[in-house]
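One chain follows as structure tokens, the form predicted alone.
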Amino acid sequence: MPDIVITEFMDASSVERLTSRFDTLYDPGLVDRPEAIPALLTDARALVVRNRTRVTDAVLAAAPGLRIVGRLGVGLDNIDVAAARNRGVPVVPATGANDDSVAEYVIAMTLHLLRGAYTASAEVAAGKWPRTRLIGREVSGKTLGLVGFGAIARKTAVLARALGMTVAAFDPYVPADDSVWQSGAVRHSTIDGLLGASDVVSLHVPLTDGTHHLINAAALAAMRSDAVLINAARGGAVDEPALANALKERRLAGAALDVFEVEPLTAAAGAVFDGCPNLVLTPHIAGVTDESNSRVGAVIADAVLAALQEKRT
């Protein structure tokens, strides 16, 4: 039985580093066969996952020799961290390794949504010329509102300011006297205040009981009708039917979603977005680029190798 089990995709060089040192099972299709995972963990000392593999207490119980759970990314809502802690198994995310990728995604979607013309290829190729209808807006002079002001949000703020945007943020967990506010971000003490003041709202929050459906019908009503929403954080933070209604009723000017309450998004769940104007849907790829994939893999490979080579007393 393998020492290391990897259930989702990992960059080739990092997989090779692990397989060259330890018996490693790399099967990125395991995430779609969760019932097969426990039997493979009998002798495993490391489990490596992304965001879709559910690491429950039952899964952990199937791996009595487990020394580490490596998360190829940063969100931990698919892992029972408390159960892992109770079993003495550290959970290690790839903190910081995909910050640049997510920040760039947010800026790309900001440009896309405000300009509103980048889906016109088929019309133009068919001989149509919707020039007047597709006059869009510049980002310079607009306000980017960040819900959450952690590392990724701060990197996004740097890029936004370089484009001439004003940056505002709401984060009740960052004290008013914290030095991060000296970076130039306007601090809002309430989320409604931020939502009402922003041309672009970007979410940067984990999924918790407190953030589930944080952007609901009431929050959307607090936004300006010409504002756009970007969620590359966690799907459950947005009430998707409420967002779809706001878009269809033109109470919101656009949205980009990279994460969803149901992942992978099914046809049934995705039907709620039928007919939504100025909407971009992507399959949880904001944090995954060639470069970030290599960095994430390297961070987790380092952590796994260190854990497996560590002598236990």
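Note that the structure is a prediction, hence the values are computed from the model and not measured. One rule holds for the numbers: they count along the sequence shown, beginning at 1.
What comes next is about the form predicted in complex with a small molecule, which is not displayed.
Exercise. Using a 4.5 Å cut on heavy atoms, which of Leu134, Leu163, Ala217, Val174 is close to the small molecule in the model of the complex?
Worked result: The residue from Leu134, Leu163, Ala217, Val174 that makes the contact is Val174.
Exercise. In the model of the complex, does each residue in the set Val102, Arg234 and His284 place a non-hydrogen atom within 4.5 angstroms of the small molecule?
Worked result: Answer is yes for this spot.
For this session: Pick the stretch from 254-262, 37-45, 55-63, 268-276 whose residues have a heavy atom within 4.5 Å of the small molecule in the model of the complex.
Result: Only one stretch passes the 4.5 Å heavy-atom test: 254-262.
Exercise. Would Gly210 sit within 4.5 Å of the small molecule in the model of the complex, counting heavy atoms only?
Worked result: Taking the distances in the model of the complex, the answer for Gly210 is yes, it comes within 4.5 Å of the small molecule.
Problem set entry | Proximity of Gly116 to the small molecule in the model of the complex, heavy atoms at 4.5 Å | No.
Exercise. Pro93: heavy atom within 4.5 Å of the small molecule in the model of the complex?
Worked result: Pro93 lies outside the contact set for the small molecule.
For this session: Consider Ile152 of the chain shown here, and say whether it contacts the small molecule in the model of the complex, taking contact as heavy atoms within 4.5 Å.
Result: Ile152: yes, in contact with the small molecule in the model of the complex.
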